[in-house]
Every structure is written in C-alpha cells, then in structure tokens.
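Presented as structure tokens, the chain that follows is alone, the form predicted alone.
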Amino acid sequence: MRTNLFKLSAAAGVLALTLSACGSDDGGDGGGDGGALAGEGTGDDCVIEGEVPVGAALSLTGAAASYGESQQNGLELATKHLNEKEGVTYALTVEDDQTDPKQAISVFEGFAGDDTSIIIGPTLSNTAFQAQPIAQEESVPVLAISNTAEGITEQGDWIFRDSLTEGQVIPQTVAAAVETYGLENVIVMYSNDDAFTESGYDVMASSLEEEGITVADTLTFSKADTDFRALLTEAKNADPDAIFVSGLIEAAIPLVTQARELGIDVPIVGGNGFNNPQLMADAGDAAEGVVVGAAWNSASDNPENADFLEAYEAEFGSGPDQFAAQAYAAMTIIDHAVREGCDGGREGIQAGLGNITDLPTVLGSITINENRDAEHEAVVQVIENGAFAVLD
C-alpha cells in the first residue's frame, strides 16, 4: 500500500511541478509546498489565499482514546479561534490512529500523499516511532503534542514537538515528592511493553538514584493489565515510603483503586500517563494524594490560559486537561510558524517552527530548541479534593 501511495505521491508531485510551472506566470497554484499557500505580509499582516491543510493522527479509539478525545477538542477549538482571525485559514482533518502503529502509518501515508502541510500527532510515543519516518521520508513537518519518550525528534529534521519529555518533567516530580514526603525507600512499577512508559521508567529510575533513594523492588506489568492485586501485595510487603508508577491512564485507574483497597496509603507518584482527569473521575477518593508532574496546570494565570479555560468550558461543558492544552498550543505554534514567513507550505512551516522563541501559549512561554523540542516550565501536581493542585 505504501509503495502505491508513494507512486501516487510521485505522480502528484510531477503534476504539482507542472502546475507550478504553468502557474509561475499567473501567481502560482495551490498545494502543500507553496503556490496559493505562499502569501504576502508577515505576522498579523500575513494574508494567504488558500486554506492551510493540517492533518492530525489521534487515538480516538483504543487504549489511548481518552487522550485523543481531549486532543481533538483542543485542536478543533484552536482552529476555530484562529480562523476567526483575518489573513490565514486552516483546514483541520482529524484521523483515528486507533492506538495502533499500523493504522497510524496508514494515516501518515495518507497525509503525506496529499497536500497536507503539517501532521500533528500521533498520540502515543510508540506509535510515533513507527509513523513519523513516513513524514520524514516525504518531507512533511510533524508537530508531536503528547509524545514524551526520548528520541522522538531524533528521527529527523522534519519532526518537532511541543510536549515536554519525561526527562524534563519526571526529575522535577521525583525531587518534589522526595522533599515533600521525606522518602527514603520506594517501590517502582511500570508497564514494560510501551515506549512511553518504558522511557518514563528509565528517567524515574535514574532520578531516584540521583536523589539517593533506595528502590526496594521494581515490578513490571503489561499495558493491557487491569488486575494489579498480586503486584501490589508484593509491593505492600516491602513496606515502602511511596510507590512510583510509569503507566498509561488505563492502568493507573485500577492500580490506584486496588492499592487503596489493599490498604496501601503511601503516596503514589505517577508519570505523565497519570495526568488525566479521568483518574479522579473513575478512581474517586482513591486518587486523592496521587502526585504527577505535568507540562500544564489549570491554575496557571497567564492570559492565554485564562482565555483558553473559559472558551473550553463554554464549548465542551467541562474543563480541559493537559492533552487538550498541548493540542491547543500546537495550533498557536503552527500559526506563528506560518505567519512568520507567510508561507503555509511544508518547507515554510518547517522553517518557521525552527524559529519559535518565547512564544506566549496556554502552556506558558515556549521556545523550540536546536533539537526541535519544546522548552517551558513544568509543574508538579497533587490530587486534592478531586482536582489537580500544585504540590507545595
């Protein structure tokens, strides 16, 4: 299928070149690489004739569906807001990667084979590792919005992300938990069949070592597991000061619930997979006291975030989570990249993304560094009264 798509893409490329050549005398033609997407002016004065096509591969079904739904909300709300501004219009297409790398590859092939100017996603890191090479090979910029594993942007110079890595967030989380709770002896648990959670575990283990914390035992599980009672009983018998877990939200909910049912009342410190309001909704009181680092907190009082919170609540009837915020920020970043050179084509956006410096977003002030990773301040949270609060 991929070969056929590449053939189609090549044929489309020849046609695009032909059209471009014909159009060079009359102002150019459309397409993801320029033409009608090359406008006039810059910044707020930029005017682009054609719609800038943006594709998003999100996990709308499968194990990561709860993240994907939030991301879709954030992208659609941001696109709506950007399209109310004069000069540039975005055409957003969201496709379901089904939390399946094979499906994500198919979605990426589809976007790469048409005029899509930039691809957002996919939702999970292990899916991104499989799908992103398609975009790199076809020279389509990618903006990852929730991939936190190490190595994501190392796949090539067309790959960017606005999500903080586990390496940026977890060390701050571990240090804050150790100081707040006086930790000395802990248990570590993680799912060892997922790139995101394995990467999180690696950072968690090294951070605990740097803090001089004794790890009494390291217990592993599958991301599809739902019964953790045997592992938690083993953990309880070690009498730890806390349990550190790198897992997806689908594991976090039963794990936290069953831990409290077994009488484990020590702090549970999670990786980024725990950063989801579904944990409080489904685990209820059992989620109280869970600690998790984050790239965003609703308590942030920057004006962009205040406007976002109000608009999201009005649009969807509930508050956003970090995944919605990162998705919303992605469109802000893309819009800035497009308007900088007033170019909605692939090369124009790639160049613009490389120049993002101190850009105000709902996540705070973002800079894309020389490794195409986002840099901004993280926050350590604790669940109190059914909501995320900043851990003091």
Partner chain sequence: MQQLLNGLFIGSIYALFAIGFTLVFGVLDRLNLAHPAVFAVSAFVGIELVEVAGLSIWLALPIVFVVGGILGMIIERVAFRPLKNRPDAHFAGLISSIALAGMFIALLQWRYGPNTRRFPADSFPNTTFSVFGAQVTLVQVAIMVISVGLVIALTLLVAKSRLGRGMRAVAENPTAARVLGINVDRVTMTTFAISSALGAVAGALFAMNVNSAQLGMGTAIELKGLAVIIVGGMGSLPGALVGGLLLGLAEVFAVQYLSSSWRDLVAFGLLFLILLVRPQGLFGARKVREV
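Since this is a predicted model, take the numbers as computed values, not measurements. Positions refer to the first chain, counted from 1.
FYI, the form predicted in complex with its partner chain isn't displayed, but the following is about it.
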Residue stretch of 113-121, 154-162, 212-220, 317-325 approaching its partner chain in the predicted bound form, non-hydrogen atom distance within 4.5 Å: 212-220
Its partner chain: the contacting residue among Q130, Q72, N297, Q258 in the predicted bound form [heavy atom, 4.5 Å]: Q258
Heavy atom within 4.5 Å of its partner chain in the predicted bound form - residue from V291, V178, L231, L77: L231
Residues S139, D373 and V379 all lining its partner chain in the predicted bound form, heavy atom within 4.5 Å: no
is_contact(E150, its partner chain) in the predicted bound form, heavy atom dist at most 4.5 Å: no
Its partner chain contact in the predicted bound form: K236, any heavy atom under 4.5 Å: yes
Its partner chain contact at A311 in the predicted bound form, heavy atom, 4.5 Å: no
Close approach of T42 to its partner chain in the predicted bound form, 4.5 Å, heavy atom: no
Neighbours of its partner chain in the predicted bound form among 242-259 [non-hydrogen atom within 4.5 angstroms]: E250, I253, P254, T257, Q258
